[in-house]
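Here you get one chain, nothing else, as structure tokens; it is the form predicted alone.
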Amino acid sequence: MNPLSLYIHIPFCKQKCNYCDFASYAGKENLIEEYINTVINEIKHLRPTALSTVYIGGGTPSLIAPKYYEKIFKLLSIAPGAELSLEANPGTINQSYLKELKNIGVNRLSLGAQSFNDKHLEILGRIHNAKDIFKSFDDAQAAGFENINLDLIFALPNQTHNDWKEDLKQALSLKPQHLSIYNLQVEEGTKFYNIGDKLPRPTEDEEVAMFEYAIDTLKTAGFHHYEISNFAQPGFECKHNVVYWENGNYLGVGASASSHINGNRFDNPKTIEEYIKLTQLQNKVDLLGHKNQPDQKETIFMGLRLLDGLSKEKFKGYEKEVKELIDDGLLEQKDKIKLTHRGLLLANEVFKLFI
């Protein structure tokens, strides 16, 4: 089974953001050491080898001391040239911290900027301001990082088109290697969801205009638009996330982490406490050699996110749906079947037919 990727979930946060529905928890730093020990035990049980990518996400992974990551990395069998990513929040890092990460092998940094507008950052519930983003980026470069992603969110409460243009301008001024842009999704269980219809959001047309502007601006700036929400300078596409979109093999360790091995999918307990109490580890090792047919709908749903699209063979049995979407101008078929420009803007309408 080759290649294999590893995801490590860090569920700790200083403060829960108003839009966040991920498995992340504030005020539980006292559990960090016990949690990391459980992660180490899970990795020892799984013994993953020849890892082509490792991704540490959260939560706020940059709340964890590098000494803990060093313990984890010493257990891993990492292939030459592997991509090792870590998510970091501006305001939780400094140059010394980042140098330690770089020295233990982290070679890709993903900064959760979200916006360069302090008013919007406050509305989102972020703990950093715009100055922190610039400082964190400078510190990362000084620490030796040459592969840096910035996350941005658009269609924010009270955000205008000009606000979004300014966010992109500021992001591009830093010359990152990668940009991930997401439209705000109001998910159940978040503070934004509880506000309901009183949350002042841009209209659907305004949201589409923001997305189209981002696509045009980033392409002009030399970025490769390779996935619906992701843009990279040539050669800096996120290898780990491409594994997800291609429905490849990956192991997930930590609370709420998911794994997908040879068509088998399984999840860890969601909360920190449930995960730490996990004494009977799921026997993922046996599944490494057991093959199931990958879920076709999931393969289509995930693969269509990539702008290169999927081969015609992947849609066997869905010819009617494909024809309907081509007739509606949402898909096109050349050497592969892929989203049109209109399909990009209405991707959820396309995906509904394959969920």
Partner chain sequence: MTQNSINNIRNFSIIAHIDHGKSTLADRLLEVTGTIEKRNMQAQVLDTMDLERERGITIKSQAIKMNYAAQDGNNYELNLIDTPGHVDFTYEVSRSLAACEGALLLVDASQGIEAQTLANAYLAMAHNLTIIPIINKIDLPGAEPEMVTEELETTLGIKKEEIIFTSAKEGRGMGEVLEAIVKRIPPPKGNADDKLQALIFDSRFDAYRGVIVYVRVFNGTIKPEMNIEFMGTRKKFEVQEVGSLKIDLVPSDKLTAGEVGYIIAGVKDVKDARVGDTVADANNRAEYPLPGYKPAKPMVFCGFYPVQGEDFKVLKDAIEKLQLNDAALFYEPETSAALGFGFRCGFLGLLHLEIVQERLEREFNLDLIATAPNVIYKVNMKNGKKIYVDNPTKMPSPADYDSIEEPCMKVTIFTPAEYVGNIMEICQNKRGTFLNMEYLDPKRVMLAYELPLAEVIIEFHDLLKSATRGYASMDYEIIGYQVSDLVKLDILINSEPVDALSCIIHREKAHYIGRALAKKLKKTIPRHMFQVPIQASIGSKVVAREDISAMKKNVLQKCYGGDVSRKKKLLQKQKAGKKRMKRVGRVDVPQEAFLAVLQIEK
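Positions refer to the first chain, counted from 1. Predicted model, so just to flag it, every value in this text is computed and none were measured.
Unshown form predicted in complex with the partner chain; subsequent notes refer to it.
Proximity to the partner chain in the predicted bound form holds for all of Ile228, Asp295 and Glu349, with the criterion being a heavy atom within 4.5 Å.
Checked against the partner chain in the predicted bound form, the candidates Ser77, Ser173, Asn194, Ser258 yield a single residue with a heavy atom inside 4.5 Å, and that residue is Ser258. Put simply, of Phe73, Phe211, Phe236, Tyr97 only one has a heavy atom within 4.5 Å of the partner chain in the predicted bound form, and it is Phe211. Mapping the unseen interface onto this chain, Asn241 counts among the residues with a heavy atom inside 4.5 Å of the partner chain in the predicted bound form.
Within this chain, Val54 is remote from the site of the partner chain in the predicted bound form, having no heavy atom within 4.5 Å. Contact check for Glu319: no non-hydrogen atom falls within 4.5 Å of the partner chain in the predicted bound form.
In the predicted bound form, Glu204 approaches the partner chain with a heavy atom inside 4.5 Å.
Heavy atoms within 4.5 Å of the partner chain in the predicted bound form belong, among the stretches 323-331, 62-70, 309-317, 43-51, to residues of 323-331. Of the residues in 243-273, those that come within 4.5 Å of the partner chain in the predicted bound form through at least one heavy atom are, in sequence order, Tyr244, Trp245, Tyr250, Ser258, Arg265, Asp267.
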